[in-house]
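Okay, here we've got a single chain as structure tokens, the form predicted on its own, with questions on binding and movement later.
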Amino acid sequence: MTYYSFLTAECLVLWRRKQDVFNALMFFVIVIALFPIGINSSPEFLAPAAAGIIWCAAVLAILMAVEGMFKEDYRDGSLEQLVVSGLSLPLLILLKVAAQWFVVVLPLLIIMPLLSEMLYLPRSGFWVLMMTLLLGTPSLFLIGVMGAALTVSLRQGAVLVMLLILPLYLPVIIFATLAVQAAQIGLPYAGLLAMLSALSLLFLVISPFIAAIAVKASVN
């Protein structure tokens, strides 16, 4: 097995399990659609709250995607094969996260113009929102993979995953929503985008190693 063949196989697995990805996307759209219906459909309410609504929905959708990232591999024994494959386990985990990020976030970005219009997000904030999603969602996946690895051997680990990783999600959500709100009222937002990039780079460095340690502990 090579890194390329692993990435190709991972993409094929995600394609076969496309129903899981579709469920996460539908959940994302439904959460956003319920806010105007259930709370307030006026532009005066939705426009300032749009970034927070979209980011909260994105966090919930990503949680659905990452919670079971290792479950099937753990059940069928392929996770153990990765550990003994002789390849770098942190790099394999990073490739797995990259494949998951691509298949989940890319559709979110494609439908974002429609959802932004639904929430009356001004054009001044739309492109900043897209940048926050591009810069911030990698850190959400990288944080999530640590929780998924720590709970992979537990049968009911979904709640534990949320408890473990939600506190780490809060800075990402805060910086992202503040950046969009700053853009909407004409304030500088470059520093907030830089903080999102820094968080993603930080977890890019540490998450694969922590997840690899947790996976090895689980399969042993």
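Residue indices: 1-based, along the sequence shown. Please read these numbers as outputs of a predicted model, since none were measured by experiment.
The same protein has a further form, the form predicted in complex with a further copy of the same chain, not shown here; the description that follows concerns it.
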(request) Answer with yes or no whether N23 is in contact with a further copy of the same chain in the predicted complex, where contact means some heavy atom within 4.5 Å. (result) yes
(message) Even though the partner isn't displayed, in the predicted complex is Y189 close enough to a further copy of the same chain, meaning a heavy atom within 4.5 Å?
(response) no
(message) in the predicted complex, does L166 come within 4.5 Å of a further copy of the same chain, counting heavy atoms only?
(response) yes
(message) Can you tell me if A194 lies within 4.5 angstroms of a further copy of the same chain in the predicted complex, counting non-hydrogen atoms only?
(response) no
(request) May I ask whether I111, L121 and F141 each come within 4.5 Å of a further copy of the same chain in the predicted complex, counting any non-hydrogen atom? (result) no
(request) Select from 21-35 the residues with a non-hydrogen atom within 4.5 Å of a further copy of the same chain in the predicted complex and write them out in sequence order. (result) N23, A24, M26, F27, I30, V31, L34, F35
